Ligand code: CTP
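Here's a solo chain for you in structure tokens, the form predicted on its own.
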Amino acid sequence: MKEPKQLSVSAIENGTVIDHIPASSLFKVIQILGLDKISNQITFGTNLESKKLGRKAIIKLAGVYFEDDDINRIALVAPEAKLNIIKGYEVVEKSVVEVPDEITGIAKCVNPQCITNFESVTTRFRVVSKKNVSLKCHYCEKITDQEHMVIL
């Protein structure tokens, strides 16, 4: 007899669920969104089974909804993540985070000689790969890959 399906992480009444985060990126997502500094209820699980990723992580945030800049930050470290907006325990909106074509002001250039690292110039990148995210600096043309990316 098959066991009934059980939720690994409990439901929330209102807020956002970030699902399909690669397990290795969970703490990066928590850090770049500043979730360690908010007082809302946060539930997360990692190394959960996923047919698509093998192992995935999930974050459930009570009463939290994200702006585009935050969604772009998530996309840089977890390009296949899914966002579910929850209202009254129901999913009212589903979306897949999408790496935009251009990133402005949310990542740091890896080139120590780049003008953005020593003058107050907002960083600007063209996305050269959306799968294994890599960015090309608008100013110095240096490529920053996902492994070396620093999110501002």
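As the structure is a prediction and not an experimental result, all values here were calculated from the model. Throughout, we count residues from 1 along the sequence that is shown.
Absent from the display: the form predicted in complex with this ligand. The rest refers to it.
Q: Verify the contact flag for residue 20: yes if a non-hydrogen atom of it lies within 4.5 Å of a non-hydrogen atom of this ligand in the predicted complex, no if not.
A: Residue-level check for residue 20: yes, a contact with this ligand.
Q: Decide whether residue 91 counts as a contact residue for this ligand in the predicted complex under a heavy atom distance cut-off of 4.5 Å.
A: Yes, residue 91 is a contact residue.
Q. Hey, in the predicted complex, is residue 143 touching this ligand, heavy atoms inside 4.5 Å?
A. So residue 143 does not count as contacting this ligand.
Q) Is residue 58 close enough to touch this ligand in the predicted complex, meaning at least one heavy atom pair within 4.5 Å? A) Yes - in the predicted complex, heavy atoms of residue 58 and this ligand come within 4.5 Å of each other.
(Q) Give me the residue from 50, 46, 84, 116 that has a heavy atom within 4.5 Å of this ligand in the predicted complex. (A) Of the candidates 50, 46, 84, 116, 84 is the one lying within 4.5 Å of this ligand in the predicted complex.
(Q) Taking 4.5 angstroms as the heavy atom distance cut-off, pick the stretch from 58 to 66, 98 to 106, 118 to 126, 26 to 34 that is near this ligand in the predicted complex. (A) Heavy atoms within 4.5 Å of this ligand in the predicted complex occur in 58 to 66.
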